[in-house]
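One chain follows as structure tokens, the form predicted alone.
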Amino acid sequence: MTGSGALEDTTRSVPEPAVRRAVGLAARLAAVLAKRVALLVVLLAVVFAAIELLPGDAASATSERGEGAAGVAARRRLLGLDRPVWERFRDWLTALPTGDLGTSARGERVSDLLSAPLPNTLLLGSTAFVLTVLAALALGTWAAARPKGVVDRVVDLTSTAAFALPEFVVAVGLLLVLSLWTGWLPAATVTGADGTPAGWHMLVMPVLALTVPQTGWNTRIVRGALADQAATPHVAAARLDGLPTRQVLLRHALPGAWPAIATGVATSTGMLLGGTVVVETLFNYPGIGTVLAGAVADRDTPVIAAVVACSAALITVVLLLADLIRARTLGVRA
């Protein structure tokens, strides 16, 4: 083989590792997505079965006062509740890919029922999510810059205490301080004519009630991940070279800590969405938490299943992003 021929072969082989990595990453993401879709189907089946086991049904829960047994039975047939639960689940699930979320027990299309409150919940949840990530990164990095110092101990204690507080306890404390004692904010959310919060200040207490516990959890993850990275040889070498602490943390320790941080943040998504049900109810916030609470009282299976499906889809997207960050940082072994 001539020198120019070897050079051409080497040039042609350069893109192959990148292609193999891209194919390997796509295959892994497709496999993960398939597993999570299968898990979602099982979860929705459990939702249908669990509501079926509750006492009463949607027909009796939504019947008019004084309505007789014949009327309730007619309503039960109208809602299809006289059919086996597996048959109703099959019909609902096969219509889901077309965007048909079914009809509620009160005769409304579920997609119409969720169209207004879902954006409000996404606004609340995404704001709390962004603030959680920023606060956890700032506090965790600040503590890691001063290991075993006063700041590290204070951040450790406060983050543990914050994580131990349930959302409703934080919400009650905020109501006492910011509404009842000082009168700075209204105790309940005031909405405009379009059903959205009347101003940004209506989001302050609901967002804080969600952010405080999750900031405590994620601060501990950031601090622990940076502590693990501090023990690695390249970070120790950077410190021995006399680099400033800020540069050591941001350029050498933080990149290696991203997989653990991304996993912790992704886990918080589910807890944030779960907390919105309580927080929206406490602050009378116009989100899907209020809709879900009413649907549980009505034994309204299509509405409950639709809320679960929307929440699971959002969590799946965040988990996939976390997987991408892990694959990007750790590399893909095809």
Partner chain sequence: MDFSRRQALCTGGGLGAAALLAACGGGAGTAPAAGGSPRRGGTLRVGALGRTSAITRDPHGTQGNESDYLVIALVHDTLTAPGGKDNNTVARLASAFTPSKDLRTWRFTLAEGAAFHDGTPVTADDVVWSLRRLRGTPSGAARLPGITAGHITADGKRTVVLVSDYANAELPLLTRLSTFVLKKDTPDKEIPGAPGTGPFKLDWYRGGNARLLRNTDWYGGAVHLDAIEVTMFQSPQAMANAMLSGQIDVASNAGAVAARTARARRDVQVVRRPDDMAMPIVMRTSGGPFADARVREAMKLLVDREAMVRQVLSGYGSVANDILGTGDPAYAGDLPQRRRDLARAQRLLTDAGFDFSRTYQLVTTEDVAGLAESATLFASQAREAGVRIEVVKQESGAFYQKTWLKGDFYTNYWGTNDSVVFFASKTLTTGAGQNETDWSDQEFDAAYRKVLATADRTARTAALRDLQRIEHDRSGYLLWGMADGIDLAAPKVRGLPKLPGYGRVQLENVWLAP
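The shown structure was predicted, so the numbers you read here are calculated from the model rather than taken from an experiment. Numbering follows the first chain given and starts at 1.
Keep in mind the form predicted in complex with the partner chain is missing from the figure; the text below concerns it.
Heavy atoms within 4.5 Å of the partner chain in the predicted bound form are found in one stretch of 142-150, 191-199, 253-261, 126-134, which is 191-199. In the predicted bound form, at least one heavy atom of Ala295 sits within 4.5 Å of the partner chain. Contact check for Met271: a non-hydrogen atom falls within 4.5 Å of the partner chain in the predicted bound form. The partner chain in the predicted bound form comes within 4.5 Å of a heavy atom belonging to Val278. The partner chain in the predicted bound form is approached by Ser179, whose closest heavy atom lies within 4.5 angstroms of it. Heavy atoms of every residue among Arg76, Phe168 and Pro186 are located within 4.5 Å of the partner chain in the predicted bound form. Among the residues Leu175, Leu208, Ala238, Leu81, the one placing a heavy atom within 4.5 Å of the partner chain in the predicted bound form is Leu175. A heavy atom within 4.5 Å of the partner chain in the predicted bound form is found for exactly one of Leu243, Leu96, Ala227, Ala116: Ala116.
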